[in-house]
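Have a look below at one chain only, the form predicted on its own, in structure tokens format.
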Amino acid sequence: MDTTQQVKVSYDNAIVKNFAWATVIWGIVGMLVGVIIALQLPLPGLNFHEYLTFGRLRPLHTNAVIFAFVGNCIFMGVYYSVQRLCKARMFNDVLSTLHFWGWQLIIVSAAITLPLGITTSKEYAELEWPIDIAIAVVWLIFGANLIGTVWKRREKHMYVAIWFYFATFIAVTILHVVNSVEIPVSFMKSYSYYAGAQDALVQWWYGHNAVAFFLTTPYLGLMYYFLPKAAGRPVFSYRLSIIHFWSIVFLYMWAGPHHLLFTSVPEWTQTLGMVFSLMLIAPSWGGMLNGLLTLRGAWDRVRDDAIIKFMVVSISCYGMATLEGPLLSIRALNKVAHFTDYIVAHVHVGALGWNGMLTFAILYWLIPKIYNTKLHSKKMLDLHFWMATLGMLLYVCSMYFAGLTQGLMWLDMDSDGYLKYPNFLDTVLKLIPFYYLRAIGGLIYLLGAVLMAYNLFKTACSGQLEVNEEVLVDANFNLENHEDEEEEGVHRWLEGKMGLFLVLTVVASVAGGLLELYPTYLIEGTKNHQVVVKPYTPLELEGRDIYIKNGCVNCHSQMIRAISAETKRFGNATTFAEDLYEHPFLWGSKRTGPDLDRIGGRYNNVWHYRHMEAPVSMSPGSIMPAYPFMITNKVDTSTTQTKLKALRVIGVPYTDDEIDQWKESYEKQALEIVESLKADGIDAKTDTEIIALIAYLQKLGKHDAIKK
């Protein structure tokens, strides 16, 4: 006699629906901004307003795509799959609602503050401290809801997707908290607690692992759930998924320093990052093969089902990106590719291919399910697949060629050891055709997403959302994960111990981070005895903040690497001593314009004034935006003294006299610049942004040397 007891479970589809439509809307917004900034490079006239320049919009694009488009898709997939894997409704409906609206408010706050120039300038972490706190609160709400749901599950074992969701929550929590340590100056202004090489190590420990644990591990969880569902096939190998998970969680945290090769961070740290990056190839490709081989015996579905096609292309792009990243950590390749458009191509193989294609597939599979209907148009689905694929290929291939052209021209020297292309602008002008191709590819990809939005909207209209999907499940239902039944052992036992599993995940993810961040304290310890660096004057400090506000770091680096071609082009390689009081560091990650670390004194004040007013007047053919508004914009000096005090708290040696007499210093230095401009017929005012920016640019490269 069958004595199995059944219970009724009501799945919350409303929260899934909310995140699904947020994914669609924000995806289109983020891609639209991407197309705009792609066109602003070859057509600098499109930088027609202070709030709409490339430097302001570029971080808006990255934040919209990463945290709005991808972020909402993660939550959509997690809320749908966890309920069904655990045979339980989400832990708390109020937490679900708070999570959704809290996340949308964070996105809106980013959309407002970044164009206004309110930014920390730290890549993928540009949002200021009040928003950082809001992110932490909303993220913890998500974590509580996730862990609470798994805790009350009706399944003993946790399916592989849940492992990756746990790793995402734990690692992102650690990364966000550590990287966001900053000292507030005002409501929307702060300075990073870390400085220079120390800040660079922390930032790229965060930046690399934000890619790992926000753009990769949650999507691997989604792959492990939605791919078998869409294909109607079990996951290829349970054992391989175990190896994939634990290797990824442990190894990824060590790889951040490969972004800092040839820089002033300790060389052994760079080597450590390179070694662990190369080790990542094995588990990453293991996961890719586990996904692709799940389709064994279902290749006819690949031919006929565009949803499966999206998934195959997505997983293939994951494999390509996770091979390319480690290869770029090899010094010989990094020397050519770093700071170039090649890295843009690499990033977009992941963003457009891995994240974008899998997101589209999940949306097409999920929306008809929760609306109890069929997809409106399979022809539109097929068309979208080919538009997305063509758009992605045009985008990444154009940037691959642009990056290789750029990197090789930078390094090219003649037989006498002189640079073949000493004028940096020559390398920029070669890239303009590629920039047009990139914009065309991005536009095709965007139009495909718009077509998807229409198709899904019509699909929703033809059905009715089942807000609370009620199902009967066995109280001791077999695990809904298609795992190999013969695979029993320690890990199966561990899957039944949620608390222990979480602890081991924390240990695995923290180990690499702790050792990677250790050099920051070694660097900190050298500050007191070996070097003397003169801090920025009040005027220079305000100029630096104007530089940050306008996103100049998005196109200019301030890190001359220890490479012969770079030192010949820009000057002596940057030392760690120069950046000891740089809160935050401004090494940059892309050179659309030249490195500025030795720009001070190279040109006179008039040149800088004219260059900001109309770049082509000083550099014919330049694609740099014009900044005429700096000539009239007033510097807000109401917090200047507070800035000096805040920086002293975190180690910048401002004296009491320098803080108390900041205004006299500011006006004296500004007047000197104004007088020099007046001698050349330019009438400027001491309280304008252009004067502060000139002071900052003229300071660069004039730091005191290491004490002899």
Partner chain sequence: MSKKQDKNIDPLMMDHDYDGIQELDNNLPTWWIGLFIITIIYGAYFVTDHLILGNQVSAEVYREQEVLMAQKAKEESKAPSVKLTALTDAASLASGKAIYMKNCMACHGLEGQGVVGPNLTDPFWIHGGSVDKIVHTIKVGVPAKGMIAWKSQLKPQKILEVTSYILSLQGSNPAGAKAPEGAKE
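Residue numbers count along the first chain shown, from 1. Since the model is a prediction, treat every value here as computed from it, not as a measurement.
Below: the form predicted in complex with its partner chain, not depicted.
Undergrad: Do residue 339 and its partner chain share at least one heavy atom pair within 4.5 Å in the model of the complex?
TA: Residue 339 lies outside the contact set for its partner chain.
Undergrad: Considering non-hydrogen atoms and a 4.5 Å limit, does its partner chain approach residue 285 in the model of the complex?
TA: Answer yes; at least one heavy atom of residue 285 falls within 4.5 Å of its partner chain in the model of the complex.
Undergrad: Flag residue 474 as yes or no: does it have a non-hydrogen atom within 4.5 angstroms of any non-hydrogen atom of its partner chain in the model of the complex?
TA: Contact with its partner chain, no.
Undergrad: Contact between residue 279 and its partner chain in the model of the complex at 4.5 Å, heavy atoms?
TA: Result yes; residue 279 sits at the interface with its partner chain in the model of the complex.
Undergrad: Out of 606-614, 179-187, 69-77, 125-133, where are the residues with a heavy atom within 4.5 Å of its partner chain in the model of the complex?
TA: That would be 606-614.
Undergrad: Just to confirm, with a 4.5 Å cut-off on non-hydrogen atoms, which of 628, 463, 148, 601 contacts its partner chain in the model of the complex?
TA: None of the other options qualify; the answer is 601.
Undergrad: Can you work out which of 236, 400, 214, 385 has a heavy atom no more than 4.5 Å from its partner chain in the model of the complex?
TA: Exactly one residue meets the criterion: 236.
Undergrad: Would all three of 243, 296 and 492 be in contact with its partner chain in the model of the complex, where contact means some heavy atom lies within 4.5 Å?
TA: Yes: 243, 296 and 492 each sit within 4.5 Å of its partner chain in the model of the complex.
Undergrad: Does any residue in 150-167 get within 4.5 Å of its partner chain in the model of the complex, counting heavy atoms only, and if so which ones?
TA: 155, 157, 158, 159, 160, in sequence order.
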